[in-house]
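Given as structure tokens, the chain that follows is alone and in the form predicted alone.
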């Protein structure tokens, strides 16, 4: 037996990888069965983008590899980030890391199949319930990848539920380009278009929006807080304008901000989208958790999956995947989306963070997100050659500051001082401050004064 294993291992290693699951004989048999000459015939990769060479990686011991990787990572610049614009850093309690790393949660098993464990289903149900409480809407899921995919799904939902013959989605020109790009890609093939309306003085002005909404508009999208941190104070007017044209009102927002802002349901929002990973997850620059909540009227049009509470045959409380309107589970023509959640673990971390904060702690964190940018803007505004904030409004987490110097050059100079910021246009820089970088404010203000002078 041992000789057989040794021979099989040698045969696999002869193919180039000790981890290849198939022997050369296995591969040959499969190629014969499908009539292919070689494995390369199975891939339609243009020669211009094929890698046809050797990586030149020499075999090393584990200790040597760890040392090399550590040396490489040590070359990274350790910048203090004041970036914002969709990625926000809040302190994540150690309890979240510890509990979410338990083996019953941290598993390679996909936590969205019908046989998912009761404990995980309960955690997702709690997450959904938290969003329902924050938004005032009756239905929330945990299936969206990030805010951008949630926005795309909201637009498709609007097209399904609105009786208007229009196909235009109207969004503020403050929406980040990346989010807008995903939305446009979502609508390709669905005979829908995206149009923008201009923001005035940092927010959506009622009259400006009214001039742009038409009978072709199927959904109006606004954000609060906006991508530049400003707070829209009359959102109900936006909802009224959308409703007058039988368009869906989709609000992009943030779970921390919702602890202070008026409930989206109260201002007429039909759908709420955003990124919930601001709680429970440090900025991952790619990994997110799409927030998606809507009215009960649209329950059967919700993309992804919903976890519901029920009772088993012994009258015990039980949780179950209640609605799964994707084509793997229902007829293709009735599927609302083919989005396949893999965000369950992130939703678990968000639910843990919210539970750890509690209602009072969440409000306290939100109040900090108002107070900190106000104080920092006042400090940099005292610097000669700097105006902050650019818009005289309430801000959440972030604001724009204007300098007489070229913004890109100022950002580069601040980077040399150890700080990362966004240059928004020729003279404007976006600054984001939270509980995670608040202790570096003084050094940041000194650096701004140094580079702007």
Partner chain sequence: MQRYEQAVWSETDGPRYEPLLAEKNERTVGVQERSSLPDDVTRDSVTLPELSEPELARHYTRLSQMNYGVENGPFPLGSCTMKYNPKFTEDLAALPDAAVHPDRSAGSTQGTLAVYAKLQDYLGRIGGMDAVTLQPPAGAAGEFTGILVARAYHEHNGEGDRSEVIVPASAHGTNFASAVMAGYEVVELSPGDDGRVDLDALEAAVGEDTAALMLTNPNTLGLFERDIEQIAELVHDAGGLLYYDGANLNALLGQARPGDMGFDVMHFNLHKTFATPHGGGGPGAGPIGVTEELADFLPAPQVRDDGGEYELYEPAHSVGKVHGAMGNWLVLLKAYAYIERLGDHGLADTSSKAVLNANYLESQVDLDVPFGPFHHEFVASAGDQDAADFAKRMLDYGVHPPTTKWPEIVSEALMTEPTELESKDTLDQLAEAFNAVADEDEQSLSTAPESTAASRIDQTNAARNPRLSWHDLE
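Values in this document were obtained by computation on a predicted structure and should not be read as measured data. Residue numbers count along the first chain shown, from 1. So that the term is clear: the rigid core is the largest set of C-alpha atoms that superpose within 1.5 Å between two forms.
The form predicted in complex with its partner chain exists for this protein as well; it is not shown, and the discussion that follows is about that form.
The contact with its partner chain in the predicted bound form, taken as any heavy atom within 4.5 Å, belongs to 354 out of 273, 238, 248, 354. Of the listed positions (175, 161, 130, 380), a single one reaches within 4.5 angstroms of its partner chain by any non-hydrogen atom in the predicted bound form, namely 130. Partner contact region in the predicted bound form: 300-308, out of 193-201, 166-174, 300-308, 209-217, criterion any non-hydrogen atom within 4.5 Å of its partner chain. Proximity of residue 438 to its partner chain in the predicted bound form: non-hydrogen atoms within 4.5 Å are absent; the residue sits far from the partner. Put simply, residue 148 is close to its partner chain in the predicted bound form: some heavy atom of it is within 4.5 Å. Using a 4.5 angstroms threshold between heavy atoms, residue 87 counts as touching its partner chain in the predicted bound form.
In the predicted bound form, at least one heavy atom of residue 104 sits within 4.5 Å of its partner chain. Of the residues in 77-93, those that come within 4.5 Å of its partner chain in the predicted bound form through at least one heavy atom are, in sequence order, 77, 78, 79, 81, 83, 84, 85, 87.
Once you line up the core between the shown form and the other one, the Cα of residue 40 ends up 2 Å or more from where it was. Comparing the forms between the shown form and the other one, the C-alpha position of residue 62 differs by 2 angstroms or more, with the core used for superposition. For residue 415, the Cα coordinates differ by under 2 angstroms between the shown form and the other one after the core has been superposed.
A shift of at least 3 angstroms pushes the Cα atoms of residue 46 and residue 185 further from each other in the predicted bound form than in the displayed structure. Annotation for the pair residue 99/residue 66: C-alpha atoms approach each other in the predicted bound form, by 3 Å or more compared with this form.
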